[in-house]
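Okay, so here's just one chain, in structure tokens, the form predicted alone.
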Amino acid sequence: MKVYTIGGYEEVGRNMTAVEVDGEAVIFDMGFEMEEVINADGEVDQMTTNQTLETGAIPIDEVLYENDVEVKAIIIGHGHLDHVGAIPKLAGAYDAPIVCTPYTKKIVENNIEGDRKNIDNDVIGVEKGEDYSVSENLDLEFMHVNHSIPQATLSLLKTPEGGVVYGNDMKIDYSPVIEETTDIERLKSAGEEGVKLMIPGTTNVCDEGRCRSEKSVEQELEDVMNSCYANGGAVVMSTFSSQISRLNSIIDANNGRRRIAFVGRSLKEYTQAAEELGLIDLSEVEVVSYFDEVQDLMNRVSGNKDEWLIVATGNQGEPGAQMDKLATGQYPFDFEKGDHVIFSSRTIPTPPTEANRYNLEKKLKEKGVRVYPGVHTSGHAKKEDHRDFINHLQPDNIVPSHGTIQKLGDYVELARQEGYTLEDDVFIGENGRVIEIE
């Protein structure tokens, strides 16, 4: 068994891994490096593959060509851009279908449609718990796991050498909002069947304890919104567009008290796909994305601030995003002293993003806006959650991913506590490395 650590092994994002068994391989994920996408000012859709490679926004998959790897399938664990964003740029080079859950399928198809490149890979939707035949020797099962987007999975590749579990983003939420708790019993049975290799994400492995539940955030959101409504004025909220659980919680906490508008392209794309699958009800939500649509909406909101709840994209403070446009007066709407802005998100811990978010909050506070940061929980497992995944799945080998060398090292230290040994059965990858599992 060979593991090709292509992207996401020196950074958080740009995820892409291939696993080869007996001459047949699958690719897990093809994602963006989001910081580089932001630096490209949203022009990635218009770039060629080579141009995008030069920006550093997508994985360099040269190692697969150098080793003449026969790719049988491209398996996508969930619909975040750091896992699916590079599909329009890279997938067309492989004579292989793209396999994912139905919600992720809609996200993938939207990304392909919005990109200038035309690719003709089949996109196949597979329900969790069902088997999909990759080849005569390889079968795939999507196991249910919690994350911050619907239909996230642990991908279980069944091979003649044992199971391969790819779980790049995951957590165990014992009080979820729209889906069931991670299927712990299936994890345990998969471990009993035999897991040769696990490839986990490491984003929050350095954080002690467990990830808090989505239900606890729902209660906090309701409390914060109640206080804002009691004090009057504009209430604007920003969260991750793919956080469908959080958007449901916002709608429920509002409880019909104000008219709701979702503002931004990514909000429109993610929520429309979710509505088609019955994951959210937008019947009482106005969804706008184009400049003239937002302008018309904010004209109506401006004189009736106490009647509206605005949910806008741009929680990282990205210049040109909807929150930035609202804060800088690019619409017929002005924040005033006593208005409220709730950030139901975390700031991605990179210097450019932290600077953008600082500047956004500074603009809001200069206008007297009351800012409520951090009403949020992560979709990424913390240390004790990761320990549970190790104990449930009992993998023979581990290759941690989705992190800087420091994060990969933190995971190795956790694995050592559970009896693993560096470069014996737990390995630190680099982008472009080939790891042979004996």
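Numbering starts at 1 and runs along the sequence shown. All values derive from a computational prediction rather than experimental measurement.
Beyond what is shown, the protein has a form predicted together with another copy of the chain; the following relates to that form.
Undergrad: Kindly indicate whether Y132, A274 and G320 are, all three, within 4.5 angstroms of another copy of the chain in the predicted complex, using heavy atoms.
TA: Not one of the three qualifies.
Undergrad: Which among 286-294, 209-217, 101-109, 232-240 is in contact with another copy of the chain in the predicted complex, heavy atoms within 4.5 angstroms?
TA: Result of the contact check: 209-217.
Undergrad: Any chance D61 has a heavy atom within 4.5 Å of another copy of the chain in the predicted complex?
TA: Heavy-atom contact with another copy of the chain at 4.5 Å: absent for D61.
Undergrad: Is K2 one of the residues lying within 4.5 Å of another copy of the chain in the predicted complex, judged by heavy atom distances?
TA: K2: no contact with another copy of the chain in the predicted complex.
Undergrad: How about H392 - does it come within 4.5 Å of another copy of the chain in the predicted complex, if we only consider non-hydrogen atoms?
TA: Taking the distances in the predicted complex, the answer for H392 is yes, it comes within 4.5 Å of another copy of the chain.
Undergrad: Although another copy of the chain is absent from this view, report whether V412 comes within 4.5 Å of it in the predicted complex, heavy atoms only.
TA: V412: yes, in contact with another copy of the chain in the predicted complex.
Undergrad: Just to be sure I understand the contacts: of D45, E70, D396, D388, which is the one whose heavy atoms reach within 4.5 angstroms of another copy of the chain in the predicted complex?
TA: After the contact test, the surviving option is D388.
Undergrad: Using the arrangement in the predicted complex, list in sequence order the residues of 170-190 with any heavy atom within 4.5 angstroms of another copy of the chain.
TA: Residues within 4.5 Å: Y174, S175.
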